[in-house]
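A single chain comes next, written as structure tokens; it is the form predicted on its own.
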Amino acid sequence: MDAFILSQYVLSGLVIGVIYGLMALGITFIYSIMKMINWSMGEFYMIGSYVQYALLAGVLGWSLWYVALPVAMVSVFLLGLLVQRFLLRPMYVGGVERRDEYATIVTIALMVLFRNLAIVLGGPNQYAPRDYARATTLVTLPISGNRMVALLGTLVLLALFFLVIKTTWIGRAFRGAAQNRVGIQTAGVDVLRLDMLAFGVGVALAAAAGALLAPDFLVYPENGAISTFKGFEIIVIGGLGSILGSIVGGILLGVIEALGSVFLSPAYKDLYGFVLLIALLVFRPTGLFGERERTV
């Protein structure tokens, strides 16, 4: 294999890895603030893809994907606020002793509810949105217009996310809550309201991934399952709660899958990430950027 072809596979892995990172970012962001795992993340991804498809097919027209994308994100953001306010907030104010178990039960129930609701409303059929753009070339890699749009959209969203987190008051509040929830409350921050915003932002990022990848991965009730699977792989590789780790882990997973498919076999593409995960956990159980929790 010459360097030209190898560069194509590496670039392909980088592209899909960055997009993987967007899904993982939503999962790890919610965990870093609320200290809970959202097992229904794939269903918010799925809802984002359905909203995107419905808007493009029925209201806006196929060429206005960039208008439908923020509408899909805002719709899922508002849904996330309602879910957090009425279903998840009780575990912080209702005297629930095992919050992790409560969150697991509620989010798995949401997963089942949203998936079956999608089957009832949209049927078990697969829907394929039209292409967002024409095929193009990224350095040495011929790339579909859909994948290029997904890459550029992801990079814009990641840049906006980090800009908000690093430069705004709400971003400082998020970082403070991730470090010490009790400490941020003593500074006068309403941590319960912060939880609502964090959950809404996290699921909106998942919806964005679903909307951007809808033409490639199609729209159907179970389309969020693989994304959730990859997302949890990534947050363990990068370090649970680490925002930087979710991006680096996504890129690393994408490259490993691309190179493994070339040098070994594409039939075992999903296995290579698990091999990387197990090997990493042997030498660094907290992940690449995870920190050991202080117990005293």
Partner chain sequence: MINALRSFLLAVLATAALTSPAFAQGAIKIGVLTPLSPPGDAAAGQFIVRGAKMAADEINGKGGVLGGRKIELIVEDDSGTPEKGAAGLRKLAGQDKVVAVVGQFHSSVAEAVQDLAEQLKVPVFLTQASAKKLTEKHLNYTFRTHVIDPDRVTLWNKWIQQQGFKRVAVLAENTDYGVGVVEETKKQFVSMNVKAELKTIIFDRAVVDLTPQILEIKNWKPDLFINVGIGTPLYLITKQAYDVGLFPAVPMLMSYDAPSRPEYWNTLGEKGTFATFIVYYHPTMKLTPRGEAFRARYLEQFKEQPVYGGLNAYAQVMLLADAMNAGKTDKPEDIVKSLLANKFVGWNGTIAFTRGEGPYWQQWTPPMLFLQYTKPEQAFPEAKIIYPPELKTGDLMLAPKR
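Just so you know, these numbers come straight off a predicted model, no measurement behind them. Positions refer to the first chain, counted from 1.
Beyond the structure shown, there is the form predicted together with its partner chain, which is absent from this document and is the topic of what follows.
Colleague: Indicate whether the candidate residues Ile5, Ser12 and Arg147 are all in contact with its partner chain in the predicted bound form, with contact defined as any heavy atom within 4.5 Å.
Modeller: Spot residues vs its partner chain: full contact, yes.
Colleague: Counting only non-hydrogen atoms, choose the one of 68-76, 122-130, 173-181, 85-93 that falls within 4.5 Å of its partner chain in the predicted bound form.
Modeller: Only one stretch qualifies here: 122-130.
Colleague: Select from the listed residues Val236, Ile247, Val51, Ala258 the one whose heavy atoms reach within 4.5 Å of its partner chain in the predicted bound form.
Modeller: That would be Ala258.
Colleague: Would you mind picking the one in Leu117, Ala109, Leu155, Ile226 that has a heavy atom within 4.5 Å of its partner chain in the predicted bound form?
Modeller: It is Ile226.
Colleague: Is Val262 close enough to touch its partner chain in the predicted bound form, meaning at least one heavy atom pair within 4.5 Å?
Modeller: Val262: yes, in contact with its partner chain in the predicted bound form.
Colleague: Does the 4.5 Å heavy atom contact test between Ala204 and its partner chain in the predicted bound form come out positive?
Modeller: Ala204 lies outside the contact set for its partner chain.
Colleague: Please run the contact check for Leu192 against its partner chain in the predicted bound form: heavy atoms, 4.5 angstroms, yes or no?
Modeller: Result no; Leu192 lies far from its partner chain in the predicted bound form.
Colleague: Given that the partner is absent here, does Gly80 sit within 4.5 Å of its partner chain in the predicted bound form, heavy atoms only?
Modeller: No, Gly80 sits far enough from its partner chain in the predicted bound form that none of its heavy atoms falls within 4.5 Å.
Colleague: Heavy atoms within 4.5 Å of its partner chain in the predicted bound form is the criterion; list the residues of 247-273 that meet it.
Modeller: Residues within 4.5 Å: Ala258, Ser261, Val262, Pro266, Ala267, Lys269, Asp270.
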